[in-house]
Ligand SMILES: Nc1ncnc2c1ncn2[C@@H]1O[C@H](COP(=O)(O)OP(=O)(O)O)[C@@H](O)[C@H]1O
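Only one chain is shown below, in structure tokens, and it's the form predicted on its own.
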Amino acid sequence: MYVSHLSLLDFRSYEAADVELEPGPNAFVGRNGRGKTNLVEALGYVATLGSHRVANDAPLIRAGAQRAVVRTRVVRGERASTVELEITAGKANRARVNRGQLGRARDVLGILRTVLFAPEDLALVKGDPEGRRRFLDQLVVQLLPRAAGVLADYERVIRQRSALLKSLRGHRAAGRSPDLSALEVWDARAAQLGGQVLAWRIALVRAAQPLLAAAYEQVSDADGEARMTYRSSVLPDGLVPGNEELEKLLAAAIEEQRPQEIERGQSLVGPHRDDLALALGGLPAKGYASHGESWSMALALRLATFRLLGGGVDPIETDGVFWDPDHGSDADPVLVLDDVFAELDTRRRERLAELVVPARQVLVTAAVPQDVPGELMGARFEVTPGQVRRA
């Protein structure tokens, strides 16, 4: 697949922009702070309904505007789909496909798939678990768009349950015996939804592990095997039960931790407390890997993601969960390399360019043309404040 057109209205720094894109490499060149990343961020938002830069939508709307609009034309095989997203501050976002009626934003998930390489990816290796959980969940949603609703429901349940736990803590501190009947209802819902999220994440990590190991070998000197392991607050390492067992295990863990949760006023058990453990040569990547090794691990994660989304594995199945990756060049996601080459040494820059150039479409951003490998220059666009023009 590839994006043939991108149109922005009041998105980030752009009052308006229209860009005709080509299959193959496309390079956006301009000084830092001119809006290059805003362009590729818009495409990432269409694919995942999230930004790799901010946790909420408000910064995506141009200062002084009430809403932002992103329109894209996505070509896959002989078929083109037009997607329009309205991002409105303080309200539910809306979307339409092929000039249909405005509906839920999540209805567009699955039309466009993207894989983004960015300097922020180093935080996947060196940063907090929250970023790694977000990485897994965004990938799950691209593979299985209906998962977006389950993930949103789980987050809502955890927020409401945590608010109730704080209230119960207040009752206990005041010497009153808390009524646990409402909490038991939220416990059951958290176990049900959390078990589903666990199933997806575990299946995803199992499928991606061999792809990660192969990708790390390609982008580095292969000094040690790269591994990824899902670390659950509920499951012992290596245990992979079915969905029903996951729900039961999570429910039992929630019940066991209830006194501590009331005492602290927090939900302490579930996927929102888990982590993706990354290791290199048997040692944790975080804290042990060098800067270069950490970059290689981050690049390998994204390459593994690209191959997974493009059909690089057999169909993934768990108890009650199934997704079948598409195959063929038309299934390849759009690759986005956002100011990555300036961060890499010459060897890693050459290897990455060699690995990604066969992709159906590659979008590259760079401050100067010299940062873009020659084989990835392709169509070139000059970016100045608020404007994009074909060079």
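Note that residue numbering follows the sequence shown and begins at 1. This is a predicted model, so every value here is computed, not measured.
In what follows, reference is made to the form predicted together with the ligand, a form of this protein that is not presented.
Colleague: Taking any heavy atom pair closer than or equal to 4.5 Å as contact, tell me whether Asn38 reaches the ligand in the predicted bound form.
Modeller: Result yes; Asn38 sits at the interface with the ligand in the predicted bound form.
Colleague: Should Pro59 be counted as a contact of the ligand in the predicted bound form, where contact means heavy atoms within 4.5 Å?
Modeller: Pro59: yes, in contact with the ligand in the predicted bound form.
Colleague: Just checking whether Gly33 would be counted as a contact of the ligand in the predicted bound form - the rule being heavy atoms within 4.5 angstroms.
Modeller: Yes, contact at 4.5 Å.
Colleague: Applying a 4.5 Å heavy atom distance criterion, does Arg53 contact the ligand in the predicted bound form?
Modeller: Yes, Arg53 is a contact residue.
Colleague: For the chain seen here without its partner, which of 62 to 70, 42 to 50, 354 to 362, 341 to 349 has a heavy atom within 4.5 Å of the ligand in the predicted bound form?
Modeller: Within 4.5 Å of the partner lies stretch 62 to 70.
Colleague: Though the partner is not shown here, which residues of 5 to 30 have a heavy atom within 4.5 Å of the ligand in the predicted bound form?
Modeller: Result: Arg12, Ser13.
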